[in-house]
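A single chain comes next, written as structure tokens; it is the form predicted alone.
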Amino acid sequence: MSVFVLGVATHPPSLQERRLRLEEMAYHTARAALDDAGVTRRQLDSVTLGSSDELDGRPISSMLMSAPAGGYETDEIKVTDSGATALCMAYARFLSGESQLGLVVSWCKSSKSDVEAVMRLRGDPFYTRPLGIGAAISDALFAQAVAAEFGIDEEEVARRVVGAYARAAGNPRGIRHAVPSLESVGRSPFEAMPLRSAQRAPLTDGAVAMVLASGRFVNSHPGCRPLARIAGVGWATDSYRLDAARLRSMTSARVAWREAMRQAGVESTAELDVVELESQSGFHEAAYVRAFGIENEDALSPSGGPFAQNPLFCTGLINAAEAVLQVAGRAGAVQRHRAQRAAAHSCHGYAQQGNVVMVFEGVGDSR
């Protein structure tokens, strides 16, 4: 069974979105995606939400968020791992025949909650929580492990950070941060050895929505023009352990990548025109490039990835939206010439504990 993307929308990114409530952000983004797809909310038979109660700052947030996100009188489920994981769940619903037209919506106001506090509370086994290991420390442990495993040095990390900011500067859907110098990245203060502050992607607020449709729906609605076909999806979760063996192996990332490539029939990364990585730091990008065997640096995160916008919980789904726009020829100033196949990657949890990889292909005249 084929599953298509009919429409996508991302909320205008902001360092601090104070003008709109979460409900309004979700509503406007879902509305824009439906308009982009040329369908109405009443046609939907499923809505899949990706959100975090902790980062939303409210318990059982879907009680307030499902209706403005399109779930009023529509079957709705919620995924709490990441926005990209919500896309995986929605994709599975289509493959099972449970849905014919669905909406995937995810959001995050990173500025609203204390991200470090949230991550500290996610330590498991619970006896590790008093150690105070949050996002910065766990990412630093990951950076230390992959640096030793792959021979990654600070010079390469700084080069990758500056390169990501430079690509992000041209993205009309990004914050357009100032591009730092190599020297300023290398001299920024340490947050946790060996991770420096300027090596990390800055957090932002944002939202993203995607309309999915089955082949049956597309065939019965000739006026609908798909943007892309989902060619493959893979996901995996590793242990909570932060020992060197787990961190250096990057097992969940490799498993998710291999499964998505297998489903898509991709035998070599050279067949991918675009690879959007969720690189939360320069160390992450350097590690993923090696673990996935990416040799064509020109294909790497044309959008700038998290250095363009980084609403933490849904950054991976924004990567998926960027990949769809690439194969649809709608990526604007960051468009890659004749992009026909694009991969999008997402990571979540302690030190990339969970990973999702999605492959999208252009459809007909949309390429």
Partner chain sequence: MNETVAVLGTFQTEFRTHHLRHTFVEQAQIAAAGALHDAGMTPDDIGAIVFSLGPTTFMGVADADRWAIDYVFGAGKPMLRVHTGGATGGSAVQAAYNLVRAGLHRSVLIVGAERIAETPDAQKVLNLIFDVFYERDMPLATNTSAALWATRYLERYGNTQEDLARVVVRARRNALKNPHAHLKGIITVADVMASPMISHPLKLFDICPRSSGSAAMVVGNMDMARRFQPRPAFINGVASRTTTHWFGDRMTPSADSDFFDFDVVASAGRECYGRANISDPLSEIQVTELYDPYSITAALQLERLRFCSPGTALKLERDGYWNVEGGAVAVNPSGGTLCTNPIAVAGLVRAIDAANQVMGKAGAMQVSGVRNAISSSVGGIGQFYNCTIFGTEPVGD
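Numbering follows the first chain given and starts at 1. Just so we're clear, the structure is a prediction, and the values are computed from it rather than from any experiment.
The form predicted in complex with the partner chain is left out here; the points below concern that form.
- For the candidate spot formed by E154, E271 and R338, no residue has a non-hydrogen atom within 4.5 angstroms of the partner chain in the predicted bound form.
- Heavy atoms of L64 reach within 4.5 Å of the partner chain in the predicted bound form, making it an interface residue.
- Proximity of G123 to the partner chain in the predicted bound form: non-hydrogen atoms within 4.5 Å are present.
- Contact annotation for G349: at least one heavy atom lies within 4.5 Å of the partner chain in the predicted bound form.
- When the partner chain is considered in the predicted bound form, R129 lines it closely, a heavy atom lying within 4.5 Å.
- You can rule out all but one of 138 to 146, 103 to 111, 194 to 202, 255 to 263: in the predicted bound form, only 255 to 263 has residues with a heavy atom within 4.5 Å of the partner chain.
- Comment: the partner chain is not present in this chain, but in the predicted bound form one of V179, C224, L182, A236 has a heavy atom within 4.5 Å of it, namely A236.
- Annotation for 1 to 35: interface residues with the partner chain in the predicted bound form are M1, R21 [heavy atom within 4.5 Å].
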